[in-house]
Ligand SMILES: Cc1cc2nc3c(=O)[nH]c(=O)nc-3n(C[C@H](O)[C@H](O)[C@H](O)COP(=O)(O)OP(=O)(O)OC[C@H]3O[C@@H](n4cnc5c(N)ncnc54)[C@H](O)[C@@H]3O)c2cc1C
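The form predicted on its own is given below as one chain in structure tokens.
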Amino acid sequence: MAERFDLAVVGGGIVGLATARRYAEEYPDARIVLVEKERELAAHQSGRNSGVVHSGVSYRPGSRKARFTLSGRAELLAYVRSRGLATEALGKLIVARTERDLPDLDELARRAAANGVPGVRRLGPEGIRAREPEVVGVAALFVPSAAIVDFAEIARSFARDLEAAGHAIRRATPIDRIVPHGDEVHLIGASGAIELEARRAVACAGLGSDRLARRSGVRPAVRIVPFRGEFYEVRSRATPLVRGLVYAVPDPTLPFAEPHFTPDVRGRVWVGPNAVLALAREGYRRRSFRWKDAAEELADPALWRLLGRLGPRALREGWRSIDRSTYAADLARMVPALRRRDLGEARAGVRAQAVDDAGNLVDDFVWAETPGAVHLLNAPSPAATGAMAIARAIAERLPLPGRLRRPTEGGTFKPA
């Protein structure tokens, strides 16, 4: 017989782990299992990102992105400090490189004020040089609350909390679908056998979220289109070119593709990303290709509508991926002293970006429900920053029947 739990969470990234941990706090007598298809936790988006704890500057006021960022970042940073994990408050400079960027910079300032982001101030060229001597621009916003962490290490710390409290983590256990069965749900594996039984289930499946939802009976209004984002490590000669986080004002048509300079908690500096359509959902190399993924993408009219909207921008992103000199030249518009030879080792992540039927990028968190289960269908950046707030919202949405609930503000799991 399949093992039985009160709650099963599918997905061992930071959002799934935060969600399992939240339920464990609120329902201390529940039996909880987290299921991950890989042998390692945080193997995909949670372990392949820039490590930035966002402040909420760019998100539409009132959106889930804004709410989860503003409430989640404080909780996340308090957790990091309580566990002695690495973090540093570097601040972020968002730079308007030309006059054409100024309307978008003004909109960011408006959103920052509406979202209550503390301490944001506008700088002119002299103010930019005072904070970042090697950076040029016509104006900038300085966001003092931006910080850096290691999200993969936070995810692993969440896992240690769960296991120390007696809950289960099943690695290397792919789940094909979640189906209702009476008042419970069954988690079905790739072989068609029942892997687990649970009273309730939450799916935080990232790059596979839409497929798991469809196989579970959801008709999602979105599909995942994977975009590979490539980062280069700045060679040691050039790491002093920036002191903190330095971002270009994002292009609203493809807001996650504008380059930024990101120091990490190990003292390295990374630049990127671009945004290239990936022909494999877990394709971290330029030549990564998977027939099933590519065929599904290229047969979808929504993708072609999206590419039509992006137009030359899509071609430019592809060329920037191939030609490192073009990539370096774009970065040098903001940091003129940077040279192609300063771009060292490359790494990449794949962003699970939801796209709607009309070919629009979906710019907020999306979830759907089936009897006994919640599917998180779009969890882009700032999902890692807001993971603990997302977890709280999911627990509110899907209570566990037959278990006494104890509202908590994080007091159950004490630091070792």
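Note that the coordinates shown come from a computational prediction; the quantities given were computed from them, not determined experimentally. Residues carry their position along the shown sequence, with the first being 1.
Beyond the structure shown, there is the form predicted together with the named molecule, which is absent from this document and is the topic of what follows.
Distance criterion of 4.5 Å from any heavy atom to the named molecule in the predicted complex singles out A383 from the list A391, A383, A373, V33. For the named molecule in the predicted complex, the listed stretch (198 to 206, 320 to 328, 300 to 308, 333 to 341) containing residues with heavy atoms inside 4.5 Å is 198 to 206.
If you check the named molecule in the predicted complex, you find a heavy atom from every one of G16, P273 and G349 within 4.5 Å. Using a 4.5 Å cutoff between non-hydrogen atoms, G359 does not count as a contact of the named molecule in the predicted complex. Using a 4.5 angstroms limit between non-hydrogen atoms, V52 touches the named molecule in the predicted complex. Under a 4.5 angstroms non-hydrogen atom cutoff, the named molecule in the predicted complex lacks F142 among its neighbouring residues. When contacts are judged by a 4.5 Å heavy atom cut-off, N115 does not count as touching the named molecule in the predicted complex. Of all the residues from 147 to 182, those having a non-hydrogen atom no more than 4.5 Å from the named molecule in the predicted complex are F151, T173, P174, I175.
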